[in-house]
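Here's a solo chain for you in structure tokens, the form predicted on its own.
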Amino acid sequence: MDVGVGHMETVTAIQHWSERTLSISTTRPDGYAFRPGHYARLSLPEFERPLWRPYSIVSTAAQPQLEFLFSIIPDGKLTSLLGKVEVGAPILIDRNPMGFFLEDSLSPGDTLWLLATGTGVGPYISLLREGQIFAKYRQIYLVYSVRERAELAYDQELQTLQRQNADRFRYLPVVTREPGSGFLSERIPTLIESGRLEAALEVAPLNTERDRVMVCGNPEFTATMRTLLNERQFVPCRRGLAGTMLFEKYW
């Protein structure tokens, strides 16, 4: 229902991945069109004026509902309340999806790297679920870093996707605060600089002629990755101009 400031929709499902990480599914506004990589702004009707915050859309354009992944910020005005909503609760969704984190902004390449920290994995889930990406690249690598293993949202889904596409898709989780857990435990930029990331996947080092890179995560991570990829001659995507690296910028 359009209420003038956005669409009033309903929470239909909640998935808790850890104490602070969860996914929420909602009804979908009529005619709400988006692509993998777009985000929506959400709010709650408790606020006199909407307190909009951006969240990547995890569902695909073909699914009848919308799905969002987020972490609860204890003192966050919105997430502290979103973390308490129940199925059947009302939720506000802004009129139109937004963003430019769209894979086709990249120039054609052989291999696609999807690098994420925390809830930055959200747009990649949408992209992988849609599936068209598998026809565009010979290999796809998803490297997903969290602090604790419990925060690996969609882990089982990603493992299943890897088994189903063993010749095309590799999923590499990284857990930074549980040493000895069997996972790589250093931050993604450190793993790339040392060569341990490529060694774990048994592939050649990142190369701008072959590889295309998408980066989504916290600001420190994206800033470090931008510097690292610049040093390796990767070119940023600009509106109307394809590049070899693409960053989510709504943070």
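Residue numbers run from 1 along the displayed sequence. For clarity, every value in this text was computed on a predicted model and none was experimentally measured.
One more form of this protein exists, namely the form predicted together with a small molecule; it is left out here, but the text below deals with it.
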query = Mind checking whether each of Ser71, Pro189 and Glu220 has a heavy atom within 4.5 Å of the small molecule in the predicted complex?
reply = yes
query = Counting only non-hydrogen atoms, which stretch in 85 to 93, 110 to 118, 130 to 138, 161 to 169 is within 4.5 Å of the small molecule in the predicted complex?
reply = 110 to 118
task = Tell me, yes or no, whether Arg232 is in contact with the small molecule in the predicted complex, where a contact means a heavy atom of each within 4.5 Å.
result = no
key: Contact flag, Thr176 vs the small molecule in the predicted complex, heavy atom cut 4.5 Å   = yes
task = Consider Arg147 of the chain shown here, and say whether it contacts the small molecule in the predicted complex, taking contact as heavy atoms within 4.5 Å.
result = yes
task = Using a 4.5 Å heavy atom cut-off, state whether Glu103 contacts the small molecule in the predicted complex.
result = no
